[in-house]
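Okay, so here's just one chain, in structure tokens, the form predicted on its own.
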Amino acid sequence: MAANPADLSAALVLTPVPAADWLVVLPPAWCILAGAVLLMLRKSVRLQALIAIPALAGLVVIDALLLAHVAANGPVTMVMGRWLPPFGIAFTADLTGVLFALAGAVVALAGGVHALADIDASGRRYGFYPFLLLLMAGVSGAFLTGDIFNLYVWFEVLLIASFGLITLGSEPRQIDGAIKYAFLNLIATTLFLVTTGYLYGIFGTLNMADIAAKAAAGRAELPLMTLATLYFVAFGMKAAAFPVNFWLPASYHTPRVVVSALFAGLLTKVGIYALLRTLVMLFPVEREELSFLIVLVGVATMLLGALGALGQSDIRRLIGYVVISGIGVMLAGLSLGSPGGIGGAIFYALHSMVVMTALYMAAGLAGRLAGSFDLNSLGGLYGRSALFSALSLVLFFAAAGLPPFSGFWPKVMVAKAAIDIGAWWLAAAVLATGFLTTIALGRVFALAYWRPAPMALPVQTMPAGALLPLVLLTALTVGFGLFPERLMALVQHAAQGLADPRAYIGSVFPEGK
């Protein structure tokens, strides 16, 4: 007698998956595959860049297609092994995650091209490009995962890759920077893992959509404030928020310049993204109760970052403090919780990914032309290259938040959101930070570019391969400054999706299961 077939509809996805939905899982898979190919060909130094740069360009195309798909159809979910959530590990792409992923891919492509002039044959032989692809697998996976433990896993992937990149060359200063970088990041990762275990013990699930729904239903009985606070501390460490930000300026100036550029553009923004995802989407009420603490941390981060930049003479360390100051602006937007504040935080994060990467590249080229990163020894760069000086000045203006460049609009959004609730002092802190950053970066331009060289400059050429990504990133900064409407609409829609996750939850549980 024939056995009755089992009904798998309650456990498995039985309908065919639309082809466009495969874009959700393709970015990390693409990076892992390309990195594996590069690892197998590690002895073929000439092939490393020839394979890696087209692979990074392909990642940009994939993320752009995914953004168009999500913008047109709303959040999209893919579940591993066809198991229905919350049992299967879900990848869920919404506007926030895809915007971060696309910006990260653009930054990685620029870094891959810039590395043609910054990473020598030895660096390629010892794995720069495979590490870069592995880093992008972790970054892409973190931005697109819908499972909070999987977010931890992708954090580990990008952390392993970053250890390889920061020690590439094995110079004593790199090892010293790597120890400082690794110590606090490992503490933050451990705290993240412990908190996630506590969360699983409370909810019995790790799926973010499931957690958001259960948290909303059982808020009165569950210790959600403890969870929100622990995640704020863990991800605040990752994002280099005050007072646990000392590791960033102590380590980001030690590796190759292109590695510093990639770290500045990517790593702290993964921490900011995780804060937005957990505190806004999963624990919004707890975020509101923590808002005063978050805003104090944000103001301290932005002001001390700007003051730290004023006190530096090494332009790489100076830019590290500018990165920290920008983190404070994003935390200020997070603390407000309104669509304007959250949208401003997202916009500023995207701007920072592009501009901070470009600033480190500009610092590397300045050091190459002048033979030093010390402002006391720099000078005459305008005479060496007017184009490079103009690009640097645009980036300085953008980092300071001056119009008409990309950094202006997110600061306006955050300041307006603060004024709307009567927090004039927060708006004043954002403006004061921009003023201090303008002074710090204006000092760099006056000393390194405008004044005559204090000594004869070494004869150095400006490699076209290094200048091209700087031109492209600067063009993005100018473009989004002059024409911000489309990006502003996207980030506001993304902020609304975080604050009201019904569409996100519906993509994971389409039948309300």
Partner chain sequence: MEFPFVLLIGLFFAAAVYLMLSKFLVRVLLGVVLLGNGVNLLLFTNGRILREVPPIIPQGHDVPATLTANPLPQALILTAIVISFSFFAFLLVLVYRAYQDLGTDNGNEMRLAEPEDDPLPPTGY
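What you are looking at is a predicted structure, and each value in this text was computed from that prediction instead of being measured. Positions refer to the first chain, counted from 1.
Below, we turn to the form predicted together with the partner chain, even though it does not appear here.
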property	result
Partner proximity in the predicted complex: Leu224 to the partner chain, non-hydrogen atom cutoff 4.5 Å	no
Gly197, heavy atom within 4.5 angstroms of the partner chain in the predicted complex	yes
Contact of Ala300 with the partner chain in the predicted complex (heavy atom, 4.5 Å)	no
Partner contact for Gly177 in the predicted complex: the partner chain, 4.5 angstroms, heavy atom	yes
Stretch in contact, per heavy atom within 4.5 angstroms of the partner chain in the predicted complex, of 398-406, 425-433, 252-260, 322-330	252-260
Answer option from Ser338, Ser313, Thr229, Thr438, heavy atom within 4.5 Å of the partner chain in the predicted complex	Ser313
The unique member of Asp420, Asp374, Asp120, Glu288 whose heavy atoms fall within 4.5 Å of the partner chain in the predicted complex	Asp374
Heavy atom contacts to the partner chain in the predicted complex at 4.5 Å, residues of 130-161 in sequence order	Phe149, Tyr152, Val153, Glu156, Leu159, Ile160
